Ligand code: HSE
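Taking the form predicted alone, here's one chain by itself in structure tokens.
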């Protein structure tokens, strides 16, 4: 029996479109074992519908590794116990993909390195900014170049918390990407490149006061705002309540604010604001996961 625990992730982080991500302290725990025949998939504590056949995302990820390594199995049992809300921009699909691939790699004799798994996971997901922190933990920069995915993870040691504002509605990544333009100006591209670089260095060195400027983006958030209820108002209120930086998590609709641990009233203040104004969001405090995916074999 193999148990894999994979953290939630928040990607893009403002200016780092499709390249920056961070692992957070919500988890999908997946248990896998071989059985004599068929596919058995059980879901625990997840309210959303989970496919229980060959179209299950964890199983599909496992099959990619089996096909890559030439491993054959008669049957698989998968038990998923996930805290990560689905289709909310917190890396639920990346957690499933990474969990499935890591479990399949163990079953097939650990033939793939983590770099190999990262490459397969990024190809399956379509972009690397969620799968990299899900696998490695910490704050990650990742790129796809010449058919390969490269990533670098930094473990953030200075005190920081992530206030995650999760709505009770969702926006599909596919729909959200349709809103993005096929082309952007050279000026906007340069703007994001500079801001993403400053964001990365400021976060890695603990220079949090620069994050409010460094997080600004012109490639995706302005276009996605039309599909995210009260996005600008939530950003503004978060800064009023002392956030260092605020961004749309992935393609949304979750919004993340990075704060000092000393800012103990942020969640209460934001939840009160949402209730008073009828905004269907709930704010909760998370911390960074500097470990990433954990694999245990029984």
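Positions refer to the first chain, counted from 1. Just so it is clear, the structure is predicted and the values come from calculations on it, not from any experiment.
Note that the form predicted together with the ligand isn't included here; everything after this is about it.
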Open item on the list: If contact means a heavy atom within 4.5 Å, which one of 101-109, 119-127, 202-210, 162-170 is the stretch that engages the ligand in the predicted complex?
Closed with: 119-127
TODO: May I ask you to choose, among 152, 148, 177, 77, the residue with a heavy atom within 4.5 Å of the ligand in the predicted complex?
DONE: 177
- [ ] Verify the contact flag for residue 12: yes if a non-hydrogen atom of it lies within 4.5 Å of a non-hydrogen atom of the ligand in the predicted complex, no if not.
- [x] yes
Open item on the list: Under a 4.5 Å heavy atom criterion, is residue 251 part of the interface with the ligand in the predicted complex?
Closed with: yes
- [ ] Give a yes or no for residue 274: in the predicted complex, does one of its heavy atoms lie within 4.5 Å of a heavy atom belonging to the ligand?
- [x] no
TODO: Give a yes/no on whether residue 224 approaches the ligand to within 4.5 Å in the predicted complex, heavy atoms considered.
DONE: yes
Open item on the list: Need the contact residues for 192-208: heavy atom within 4.5 Å of the ligand in the predicted complex, sequence order, or none if there are none.
Closed with: none
